[in-house]
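Only one chain is shown below, in structure tokens, and it's the form predicted on its own.
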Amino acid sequence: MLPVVVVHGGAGHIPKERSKNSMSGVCSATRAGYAVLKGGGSSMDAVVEAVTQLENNPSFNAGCGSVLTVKGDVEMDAIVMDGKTLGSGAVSAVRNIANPVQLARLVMDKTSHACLTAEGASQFARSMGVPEVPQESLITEYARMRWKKNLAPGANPVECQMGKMGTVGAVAVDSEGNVACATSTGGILNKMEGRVGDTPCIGCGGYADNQTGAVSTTGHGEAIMKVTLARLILFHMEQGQSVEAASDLGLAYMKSRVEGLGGVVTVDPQGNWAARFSSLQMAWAAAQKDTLHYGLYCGEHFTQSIEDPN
């Protein structure tokens, strides 16, 4: 069953003209993460590699392609968590960093803290030799168009956010049975400056524990935070539920309790995995036993050889 990596590209409604790019993006990120695992890399190496690929892909709301704040700026959040040690690193409201997930890993590896924010995170990045990039390099025409559209009186950015592109994340189990998660996002459309969502919060945007499993979440951050979705799903797994049933129970509770829609990718240390969502769509892909699994709509599950380039 091992190793395995599962990736999501955000839950919501993806316009037809963008769905093909979303699907090819999650599939190529999954291949990259799986190659790390097959080469003897750790589950942490794999999830960071997969999410880095998605941050570099303008089709997603993370890194290049992030949505904009009400003032038209980029503010990004990311988290990583290591199931072996429960070590975690996160960054929030970072601006001039191409790959927030890599900075989150440095927070975990190089500091005694779990989360750094805004200017403090930027100072840490500079001290680690992480290059700053101009904010313009992270802003796409699509993000700018949606920002302008949602400045109009009567616009509903949260409703509009449910899709188009979303938070990205990955979970993995390596050949030693260690689990890890990584999640990265540009946040929600036209958010207030300094707004931080679920992504960098342990137990909300992600959680990993070798005794249970790992989860990466996507959806409306405020709803996910209220139910600590990642940890809630692992709680159900601790009660004996399968990865799929636990994921569905967590998502159903969030929907009934706070009317929140979202999606998750989940693994357990044995290599069982699930990609589940309560939204209309979620671009997802998984790699296991040299087979690529992927889907976009509820109930969709395609497979092909990992070697097949298409």
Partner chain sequence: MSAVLVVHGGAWAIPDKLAKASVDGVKGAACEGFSVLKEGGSALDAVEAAVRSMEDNAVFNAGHGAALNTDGEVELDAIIMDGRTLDCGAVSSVQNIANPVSLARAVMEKTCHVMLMGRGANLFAESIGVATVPTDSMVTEYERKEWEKQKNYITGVMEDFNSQWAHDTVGAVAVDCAGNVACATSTGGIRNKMVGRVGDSPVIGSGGYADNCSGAVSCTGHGESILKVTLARLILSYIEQGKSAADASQLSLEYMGSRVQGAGGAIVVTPPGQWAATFTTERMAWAAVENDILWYGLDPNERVKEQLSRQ
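Residue numbers count along the first chain shown, from 1. All figures in this text were calculated on a predicted structure; none of them were measured in a lab.
The protein also exists as the form predicted in complex with the partner chain; that form is not presented, and the subsequent description refers to it.
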| item | value |
| --- | --- |
| One residue of Ile97, Ala93, Met237, Ile139 in contact with the partner chain, assessed in the predicted complex (non-hydrogen atom, 4.5 angstroms) | Ala93 |
| The partner chain: the contacting residue among Asp109, Glu132, Glu176, Glu193 in the predicted complex [heavy atom, 4.5 Å] | Glu193 |
| Close approach of Leu280 to the partner chain in the predicted complex, 4.5 Å, heavy atom | no |
| Partner proximity in the predicted complex: Gly72 to the partner chain, non-hydrogen atom cutoff 4.5 Å | no |
| is_contact(Met81, the partner chain) in the predicted complex, heavy atom dist at most 4.5 Å | yes |
| Contact of Ala155 with the partner chain in the predicted complex (heavy atom, 4.5 Å) | no |
| Among 166-174, 142-150, 205-213, 97-105, the region lying within 4.5 Å of the partner chain in the predicted complex by heavy atom distance | 205-213 |
| 4.5 Å heavy atom contact with the partner chain in the predicted complex for all of Gly87, Leu116 and Tyr253 | yes |
| Residues in 221-244 close to the partner chain in the predicted complex, defined by a heavy atom within 4.5 Å, in order | Glu222, Met225, Lys226, Val227, Thr228, Arg231, Leu232, Phe235, Gln239 |
